[in-house]
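Here you get one chain, nothing else, as structure tokens; it is the form predicted alone.
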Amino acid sequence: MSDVYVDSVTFVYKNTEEPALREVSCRIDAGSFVGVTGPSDAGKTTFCRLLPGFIPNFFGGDFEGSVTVGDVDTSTTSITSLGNAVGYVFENPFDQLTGAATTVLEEVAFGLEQRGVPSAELERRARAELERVGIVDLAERDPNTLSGGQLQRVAIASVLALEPAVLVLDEPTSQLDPDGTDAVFDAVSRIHAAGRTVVLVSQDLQRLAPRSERLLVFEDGRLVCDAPPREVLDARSLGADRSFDDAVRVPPTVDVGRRLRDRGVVPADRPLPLTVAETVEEITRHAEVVTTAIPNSDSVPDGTTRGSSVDPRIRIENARHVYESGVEALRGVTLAMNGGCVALVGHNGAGKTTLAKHLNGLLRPTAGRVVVRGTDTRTASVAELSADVGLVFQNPDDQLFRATVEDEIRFGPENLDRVDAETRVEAAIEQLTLDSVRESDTYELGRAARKRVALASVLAMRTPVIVLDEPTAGQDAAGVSIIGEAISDLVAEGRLVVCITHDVEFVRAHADRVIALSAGEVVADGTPREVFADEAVMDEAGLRAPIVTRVGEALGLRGVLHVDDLLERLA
């Protein structure tokens, strides 16, 4: 086992002017678990690239300072040699997988095979890692038939199989469902408990903070916080003029804990709660719970429930879809959607993205039909449907292709021959706060910013229906707020917004209606309060209720959806 030393590192990528890292120094002790967080484009990924030697050996630029793993200087050692000590899991699984394997098992075993591991041992270790991340049942599947979240777990298993002493994970769960996210965090925790060093980047502080021994917070290329998680979260500030809450998504348990202290319910000197169990224990000790019923005042927008008499914008009638591989992704789905923000939730592989691609004709039903604003998608081209339905892909790189941000946003309205194209472009840039990067090369932006560019390019088309696939994945607090406000504006304008997401906290805050899918079937359809309160549905769909809902249930309060709901019932 080896300590990692980062000493006074400043790094400027080739063809850029501003440093991605500025005078960063820290020590990562052997066998420790270090969490890394901060705003988008703050330097987190660049920091991680230092550890396996990707910087400066692969990513060119101006490098100052030093990084050592044990007694090895990463700047003078090959990436291949460092790979024996440092394993790296990329945010995007497509950047990691070989693309040549015909089965998931072969993909995970590829690295072991390159190291000359005997066949029997190779298969045993590959299956063990698939079991560890919860997808051993996919061992014989073709990787090309998996969802993005399933592929991410394959990528993680392929690195775990190599048994690196230092494991670096860059947003490894941004595409995973709650079950998959918990499986990965639990697997990484077990790896740490076995003595390995873990460095994990995540915006999910609800899961990261309780597991980390230290939390590194980056902003503008600088390491601005390096302390135990409770200490970092209690500070509420990254400096004299920068709120911590503006930079990262504060865990709901911490939000509840802070507000209890601000109201004098809990002594200010008590450590902040990081887990649901700690929050429940704190409330039980310091407050009296008033178990009055919480009324369900939520309502579903007109014309969105199944069987509605209103002619909806989208009607799906007994739709089935079977891929060429034989996988049945949709099994008799019947839905009607007209307005509001509709969240499609469910585990990876539940059929959410398949359903979304039926809404603009990218996929056509094997049986049944999909009708969009009176048009049967089986008889219309994708180009014709694009005037009615705008789809933002989960991976922005599947969607973006023009040289600059402004050109990318302009393509849609120009292609639809809209006379007010420039007005639309300016409005979308303002709405997604992209003015400062409008002339930038899209591919020089971070992934979170590229996702907002993809969203802006669809908003500029002003379609009556907008479909967003995992819009908040990898976004910092500011990005989530920007996207949430954009969705609220669209709903206020009377448009239908369909969000595919695993982010139940975002659903809690913005969705009018939740449709839960499991194995290609609709298992629930109602308001967030109704769906999240149904434990059987949540289990079947592989979901976790919002944190405040889980705290409420543990205290005997059903239907809690907001922190205010909870605090109003404490005396």
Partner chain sequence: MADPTESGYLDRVRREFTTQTWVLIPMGVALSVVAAYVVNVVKVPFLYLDALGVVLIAILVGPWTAALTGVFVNLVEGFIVNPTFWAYTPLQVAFGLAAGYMARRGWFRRYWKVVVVGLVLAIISIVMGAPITVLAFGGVTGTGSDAVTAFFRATGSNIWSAVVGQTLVVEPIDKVVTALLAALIAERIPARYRPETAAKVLDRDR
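Take the two forms, superpose them, and find the largest set of C-alpha atoms that agree within 1.5 Å; that set is the rigid core. Source: prediction; values computed, not measured. Numbering follows the first chain given and starts at 1.
There is another form of this protein, the form predicted in complex with the partner chain, and it is not shown here; the text below is about that form.
**Q** Any of the heavy atoms of Thr442 lying within 4.5 Å of the partner chain in the predicted complex?
**A** Contact check for Thr442: yes, within 4.5 Å of the partner chain in the predicted complex.
**Q** Within a 4.5 Å heavy atom cut-off, is Val322 in contact with the partner chain in the predicted complex?
**A** No, Val322 stays farther than 4.5 Å from the partner chain in the predicted complex.
**Q** Look up in the predicted complex whether Arg402 has a non-hydrogen atom within 4.5 angstroms of the partner chain, and give yes or no.
**A** Judged by the heavy-atom cut-off of 4.5 Å, Arg402 is in contact with the partner chain in the predicted complex.
**Q** Pick from 327 to 335, 485 to 493, 196 to 204, 442 to 450: which stretch has a heavy atom within 4.5 Å of the partner chain in the predicted complex?
**A** It is the stretch 442 to 450.
**Q** Could you list the residues in 14 to 39 that come within 4.5 Å of the partner chain in the predicted complex, counting only heavy atoms and keeping sequence order?
**A** Stretch hits: a single one, Lys14.
**Q** Does Arg230 shift between the shown form and the other one by 2 angstroms or more at the C-alpha, the core having been superposed?
**A** After core superposition, the C-alpha of Arg230 moves less than 2 Å between the shown form and the other one.
**Q** If you line up the core, does Ile482 shift 2 angstroms or more at its C-alpha between the shown form and the other one?
**A** No, shifts by less than 2 Å.
**Q** Does the distance between the two CA positions of Val276 reach 2 Å or more between the shown form and the other one, the core being superposed?
**A** Val276 C-alpha, core-superposed: shift of less than 2 Å.
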